[in-house]
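First, one chain by itself: the form predicted on its own, in structure tokens.
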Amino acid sequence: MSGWLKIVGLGPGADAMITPEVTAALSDATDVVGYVPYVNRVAPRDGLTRHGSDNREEIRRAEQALQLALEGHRVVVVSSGDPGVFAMASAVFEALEAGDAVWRALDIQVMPGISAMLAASARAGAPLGHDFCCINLSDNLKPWALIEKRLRLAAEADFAMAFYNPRSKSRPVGFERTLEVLREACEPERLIIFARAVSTPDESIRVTALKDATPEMADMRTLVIVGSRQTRLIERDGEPLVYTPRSAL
């Protein structure tokens, strides 16, 4: 069989959230390429070689995957969530555009997955039920000034906002500044959701007001959702539900 390359999303954590399409691709693969924790989510089996690499080696692993496919391997590049949301699909296409022209003839497919953003939204209710935007708060690949500009403009436009990579040990002040920017632009009662490790045994969902949010409520396993002015909270027995109505005033 000739080689192919499939770029897939493994969902937010639970095996039940991996799509049947992705499961079929993994069962047919000869090689799995990706960041070590994501590769480790794929069970070893006879005939499968797992190629794990460091978090900041996206282009190198993309080139490796393309070359393996060219050599006749059936290659799956894995990401968590959806591969097109701050993940490996863009990295593969960057490598494809800049690399060996022969790679462009390969059979390449992108298979969607359930993103952390959508999984977190579903756990909380429907906070992304109207217009929203998604911002990666890591400044590893873009300057902080651009992140802050996008935060301000999104708040001005009254989008609900989903934040990836809010806070890490190497970036402890970025989310603190994010909260400052939001408090300058939004009312203090704006709802904010901290959804950590969604669909895993460590899952926790916390809903609070912007005025009460602190940087320590987020880490790299947390997906943060900030509501728009329209976003509502429904109190009930058990966990509350948060939703944004379908119409805007």
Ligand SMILES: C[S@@+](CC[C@H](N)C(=O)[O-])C[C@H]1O[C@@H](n2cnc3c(N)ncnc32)[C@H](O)[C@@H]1O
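The numbering used is simple: start at 1 and walk along the sequence shown. All figures in this text were calculated on a predicted structure; none of them were measured in a lab.
The protein also exists as the form predicted together with this ligand; that form is not presented, and the subsequent description refers to it.
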Q | The single option of R221, R206, R50, R183 touching this ligand in the predicted complex, heavy atom within 4.5 Å | A | R221
Q | W103, heavy atom within 4.5 angstroms of this ligand in the predicted complex | A | no
Q.
Taking this ligand as it sits in the predicted complex, is S80 in contact with it (heavy atom to heavy atom, 4.5 Å or less)?
A. yes
(Q) Can you tell me if A197 lies within 4.5 angstroms of this ligand in the predicted complex, counting non-hydrogen atoms only? (A) yes
Q.
At 4.5 Å between heavy atoms, is G227 in contact with this ligand in the predicted complex?
A. no
Q. Where does this ligand sit in the predicted complex: which of 108-116, 172-180, 126-134, 146-154, heavy atoms within 4.5 Å?
A. 108-116
Q: Enumerate the residues of 140-154 that have a non-hydrogen atom within 4.5 Å of this ligand in the predicted complex, in sequence order, or give none.
A: none
